[in-house]
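The chain below stands alone, shown as structure tokens; this is the form predicted on its own.
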């Protein structure tokens, strides 16, 4: 069966929107209609709230939604990362239970990967999952978990086998974040926000049917989630944008954004706010300084190169190519841009760059940039991790020597986090 062309898809979605879209609808009800129609995620399989179209057609569908300012499915947070992971590794029961509430926005998710004792070594996770009859008992701690404070569900990576090598002893679970035995504590950042949380598990229960994949598949499943995260690292450009129009659905969307987007409101600052660099240089007169101009030119060139890299990744995704190392290339490029942006903002604003709040330039935004940029080199895998991936998978260099083979219980690690 041949795939429909762009003209056909555009005509079909336009006709469907003309029949079904109205701004006075309830947001969740509308998203339910949208999910059931398949137009919310048109590249997903027909059996699971999609239309089985090539990924490239999603852009065509988005254009038709944007043309009339129609609201799409819920995208804020890690919802769609969870959705992509469930599509690839979940059972039919998982997909039936979790996918639709992800798209309607009824369920909020978080990603329970990082731990205080293993840092960037994700495979060194020591949170334990032990079989207890028909359930799993979870004990341990996670950290840097965005949105854990209001999530209904979490994607959890935990160790199920201490005698297997560390990458092979992990399993992945869907865990109820509202149950007894799950304690969430916000972490205050140096830029004043509290986007992240530490999560403590004390005999928290996960039913056996909430395990994703087979026992020991945790590393493979986590790599699926992270590959989607890195490839979609530029997706924030569309977040938090609600049309300034009247209508019940727009009012509800703005309320959702104010609540769910709160942990992410500083993310443009952590990316360096390249858009402010040239106007600020002109505003202060530092554009006349040849040294400043040189650094500014370097920033704009790096930013353009990173944007082309992001477009390349999006094009590969639209062509249906599997997740590859281009996500790591883009992630590392973003870190370089953010650091150079912080350098330029410092050169341009001098000591004023340190002033926070209304006393600082752009109501303290420049100071917030300087405090937030270091996060770009850490979140989603550190720069060092990305360089290892690029070296081994792109440049085909020899793998880094490892000293952590054999049973995980024998691998030296932080003593407080040992079993």
Partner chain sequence: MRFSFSDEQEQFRAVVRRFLDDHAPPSAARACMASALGHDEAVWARLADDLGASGIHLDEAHGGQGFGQAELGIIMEEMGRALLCAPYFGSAVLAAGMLRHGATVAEQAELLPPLASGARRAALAWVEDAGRWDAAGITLAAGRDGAAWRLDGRKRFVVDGLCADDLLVLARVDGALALFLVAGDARGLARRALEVIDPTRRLAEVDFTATPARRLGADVDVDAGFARLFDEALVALAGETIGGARRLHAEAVEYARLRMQFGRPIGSFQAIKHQLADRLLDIELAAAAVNHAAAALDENDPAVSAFAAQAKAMASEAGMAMAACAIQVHGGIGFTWDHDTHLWYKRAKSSEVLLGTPAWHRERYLAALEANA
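Throughout, rigid core stands for the largest set of C-alpha atoms superposing within 1.5 Å between the two forms. Treat the numbers as computed from the prediction; the structure is a model and nothing was measured. Numbering follows the first chain given and starts at 1.
Below: the form predicted in complex with the partner chain, not depicted.
In the predicted complex, residue 57 stays away from the partner chain, with no heavy atom inside 4.5 Å.
In the predicted complex, the partner chain sits within 4.5 Å of a heavy atom of residue 394. Residue contact check for residue 382: one or more of its heavy atoms lie within 4.5 Å of the partner chain in the predicted complex. Looking at residue 387, you'd find a heavy atom of it within 4.5 angstroms of the partner chain in the predicted complex. Look at 169-177, 297-305, 249-257, 75-83: in the predicted complex, residues with non-hydrogen atoms within 4.5 angstroms of the partner chain sit in 297-305. Shown without its partner, this chain lists 70, 355, 33, 27 as candidates; in the predicted complex, only 355 has a non-hydrogen atom within 4.5 angstroms of the partner chain. For the marked spot (121, 293 and 309), a heavy atom within 4.5 Å of the partner chain in the predicted complex is present in each of the three residues.
Residues of 345-376 that come within 4.5 Å of the partner chain in the predicted complex, judged by any heavy atom, are 346, 347, 350, 351, 352, 353, 354, 355, 356, 357, 358, 359, 367, 370, 371, 372, 374, 375 in sequence order. Superposition of the core reveals a Cα shift of 2 Å or more for residue 339 between this form and the one not shown.
Relative to the superposed rigid core, residue 300 undergoes a CA displacement of at least 2 Å between this form and the one not shown. Relative to the superposed rigid core, residue 286 undergoes a CA displacement of at least 2 Å between this form and the one not shown.
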